[in-house]
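Presented below, as structure tokens, is a lone chain in the form predicted alone.
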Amino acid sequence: MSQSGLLSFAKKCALYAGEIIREGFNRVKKVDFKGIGDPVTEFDRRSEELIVGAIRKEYPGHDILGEEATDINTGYGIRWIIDPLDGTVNFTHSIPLIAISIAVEVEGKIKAGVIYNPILNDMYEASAGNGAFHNGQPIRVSGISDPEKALVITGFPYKRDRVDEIMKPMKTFVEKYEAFRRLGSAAIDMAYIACGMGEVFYEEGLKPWDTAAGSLIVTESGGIVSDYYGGEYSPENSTILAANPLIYSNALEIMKKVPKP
């Protein structure tokens, strides 16, 4: 099975799941909480059920990891990593910065990734070695190298036990970089870095479904993705740093000072 075939199927799943998310976007939602700041709605669950059902029908032997309790491990060597609705807090407040994120991992390497915002109808995609695209057009990270002209994006983990550690790099970035943003969806954050709409993204406490697709889209658009300390990216990492290559080293020096979680 080809990378292009896997990518095409991932896009199809994202588009169908997007219909569910659009259906619920402007509705009053019943919200449950998995923890503080970690809501879930029926639309998260329905989106995951649709995507998982489609994958199991098309690729019955594949592994699947999804945010909403899906964990199918057959040992096949191909794993689908799914966030059926990234940015659920935004979704519950009808803020349109949300995404469906689907990645395909083959023998431990991310080979295809899709991030789809069904409200803005933005599709970001990549397959390994073939570049990254936004709505069919090639994308590249920005060419900004001067921190005073660079925009930094971050997110806050659900666990609130490292507030002091989280605030330290934020203070440095606010002092030394042009601008600082918190958008509420790691998938959207990484897609925007890939498009050159920001220069640096960092966050800790994320899960594989938050970053798997975005990591490939960033690297295929010319960016660098690692942990806070320059280590190789893995979906299981507890920290992530993504940046254009001209400013990555500067951002890395800031993040290296953060104590390890």
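Just so you know, these numbers come straight off a predicted model, no measurement behind them. Residue numbers run from 1 along the displayed sequence.
Note that the form predicted in complex with D-MYO-inositol-1-phosphate (IPD) isn't included here; everything after this is about it.
When you measure heavy atoms, are 88, 186 and 203 every one within 4.5 angstroms of D-MYO-inositol-1-phosphate (IPD) in the predicted complex?
Every residue of the spot touches D-MYO-inositol-1-phosphate (IPD) in the predicted complex.
Please determine, with the chain shown alone, which of 48-56, 206-214, 223-231, 24-32 has non-hydrogen atoms within 4.5 Å of D-MYO-inositol-1-phosphate (IPD) in the predicted complex.
The contacting stretch is 206-214.
Give a yes/no on whether residue 182 approaches D-MYO-inositol-1-phosphate (IPD) to within 4.5 Å in the predicted complex, heavy atoms considered.
Answer yes; at least one heavy atom of residue 182 falls within 4.5 Å of D-MYO-inositol-1-phosphate (IPD) in the predicted complex.
Residue 76: heavy atom within 4.5 Å of D-MYO-inositol-1-phosphate (IPD) in the predicted complex?
No - in the predicted complex, heavy atoms of residue 76 and D-MYO-inositol-1-phosphate (IPD) never come within 4.5 Å of each other.
Applying a 4.5 Å heavy atom distance criterion, does residue 156 contact D-MYO-inositol-1-phosphate (IPD) in the predicted complex?
Heavy-atom contact with D-MYO-inositol-1-phosphate (IPD) at 4.5 Å: present for residue 156.
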